[in-house]
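Have a look below at one chain only, the form predicted alone, in structure tokens format.
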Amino acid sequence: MDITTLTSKKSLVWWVIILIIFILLAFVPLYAPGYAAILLISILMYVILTVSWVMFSGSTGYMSLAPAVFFGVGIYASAIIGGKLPFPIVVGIGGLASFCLALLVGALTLRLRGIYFAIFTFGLVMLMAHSLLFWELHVTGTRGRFVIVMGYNTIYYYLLGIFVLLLLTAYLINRSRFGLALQSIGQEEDAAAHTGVNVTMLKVTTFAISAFFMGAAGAVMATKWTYIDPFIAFNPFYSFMPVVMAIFGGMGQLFGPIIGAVILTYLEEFLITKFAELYMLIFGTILVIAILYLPDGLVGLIQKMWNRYSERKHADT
């Protein structure tokens, strides 16, 4: 059996496994208790934010702390126009609003590098929150908005649909020349530019594509809450958690960020439920240990263990 045939068979096995997982997820609301659907909504939300973040930052090496901005834009889009338009259009508008904002922000700032870009994107989160707060208090005379609430099953299926589209988009990008160019930017941006890669255009486009999915997820999640305000919508927590989840799971493979998001979201829910007073202490300790001793994430650790096992097995034979 040649290498090409073996690789294609492994790929087929992975696609079959992924298909089975999505079939099971599609029927979760039918056979799982109510709390399971609520937990899966939180997991899907963080998975979308994490994979979207990795789509840009993982390949280019730019540390973006802007997920909360695009997620919050989607939330406010849903709060403002929810009920006036069909919900699928509301979700699309939330994604497009974040996409357009990311295009503008990316065109203006993606010439910055390193810590300067990270600081700017985090400052953008604070700027959006306080600007909206000022507008509501001094112009509209209100603070926050009430949101039209949707059923948990509806929210779950919309998030699942966004997740499927996100995975397909990430897979197609990784397999294309576009993805190869992004990887070259992450490895050596100046060299990529000298070889003819339109570095700025690629960065801005990918930044905007990732923002679209964050905004769409925000538009859906807004309907889970009765009330939102600028500090709920633009919570910096939504910027930092995707970064931590991606690092925890490992960014070498597409399923690494998914694993990290699933485990840490479940861990967060468990600690809040069982150890509410010690939640932040335990959660923070686990994250520090993971970052210090798992530089390549869980996926990297599993791959190392598997390689050692394979080497020992070959040595014994």
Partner chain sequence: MPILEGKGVTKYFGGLVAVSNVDFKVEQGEALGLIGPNGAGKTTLFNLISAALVPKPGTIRFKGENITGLKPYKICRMVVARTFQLVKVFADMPALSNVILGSYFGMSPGMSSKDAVREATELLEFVGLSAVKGTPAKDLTLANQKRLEVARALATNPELLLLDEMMAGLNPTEVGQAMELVTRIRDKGITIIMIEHVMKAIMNVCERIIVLHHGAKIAEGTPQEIVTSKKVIEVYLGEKAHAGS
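Quick caveat: nothing in here was measured; it's all calculated off a predicted structure. Numbering follows the first chain given and starts at 1.
Same protein, other form: the form predicted together with its partner chain, not shown, and the subject of what follows.
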task: Spot the stretch among 98-106, 114-122, 180-188, 68-76 with residues whose non-hydrogen atoms come within 4.5 Å of its partner chain in the predicted bound form.
output: 180-188
- line: As a check of understanding, the residue in L132, M150, V197, V243 with any heavy atom within 4.5 Å of its partner chain in the predicted bound form should be identified as V197
query: Can you pick the one in L160, I93, L167, A192 that has a heavy atom within 4.5 Å of its partner chain in the predicted bound form?
result: A192
